[in-house]
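Given next, in structure tokens, is a single chain: the form predicted on its own.
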């Protein structure tokens, strides 16, 4: 195994169990792209084993901070540890994230389970090279009905990899039915956003829908396939309106409403346009849900993202009934909980009102947050009451 030497600040981060080495951190490097490397500090002390890709800004991702052999036994142990973390979800759902990349000490790897069908995202060159060790263990430990390889195109481009979505094992039907609490949803692994469904919002859907009073009017913006709105309807909402720009997502949302025996209106519209025009109508809501895509994919985009969030929040507050609720989320790592709170405060001040925080909202437990890895916390939100 080749050795690389990193600068002292990078060595200190590694000793604090941060698993990334940036290209600018490296003093001396050896090894071809995708190779395993041993990482040392300037004095020669061992820091960890990872895989290298000099073409990527994150040039080394650490697999282990101990001297171990990276083989099938290594992957079996890592996978079993990750699976045990998810046992807490038993009974709540038959769909969850089984492996959450760095947070499960398997950088570059996402594995989601949809009722026995696995979706595999391999987003780095090093993990791509190790699929022959990984796949046999997944097959043996999970006995899946099928495995679908679904690339994160942007991540793979940064690694110099082509993107290709394909069936890796078994069969992948066009629709898979999953269960989440008392709701059921149809998921398209091939066509859906992310790996097919927003699994990270499971707990937040439970919290938000628990606040529904019988007959409430609910607006679900950036609704995707309708999960928040359907949970609201099942909990007694009188009117549910879903807004999304995707024709395909709304078509599946209508199927999901029928599957759950609830009704609602699905509106195809740009969320910004819809909410800009909404205060001028007579429609008022008891609950508005804002779950936008990541506006800040890079740190330099944070200011623009927050400006967009303030606009969405301000318009949403204007269409709430007195005492109405707003659930607002950001899935951008670069937007902190404090940033989102400031956006809420400024939007409320613009309207001349106040907001009461009922809940701080985060990703569910199958998307673990590791304090040593700040980027492992990405989904933040608030449930607030308009005063």
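Residue numbers count along the first chain shown, from 1. All of these numbers come straight from a predicted model, not from anything done at the bench.
The following text describes the form predicted in complex with a small molecule, which does not appear among the structures shown.
Only one of 217-225, 313-321, 232-240, 104-112 places residue heavy atoms within 4.5 angstroms of the small molecule in the predicted bound form, namely 217-225. The closest non-hydrogen atom of residue 285 lies beyond 4.5 Å of the small molecule in the predicted bound form.
The small molecule is not drawn, but in the predicted bound form it has a heavy atom within 4.5 Å of residue 244.
In the predicted bound form, the small molecule stays beyond 4.5 Å of every heavy atom belonging to residue 81. Contact check for residue 270: a heavy atom falls within 4.5 Å of the small molecule in the predicted bound form. Distance criterion of 4.5 Å from any heavy atom to the small molecule in the predicted bound form singles out 205 from the list 117, 150, 85, 205. A heavy atom within 4.5 Å of the small molecule in the predicted bound form is found for exactly one of 213, 276, 193, 302: 193.
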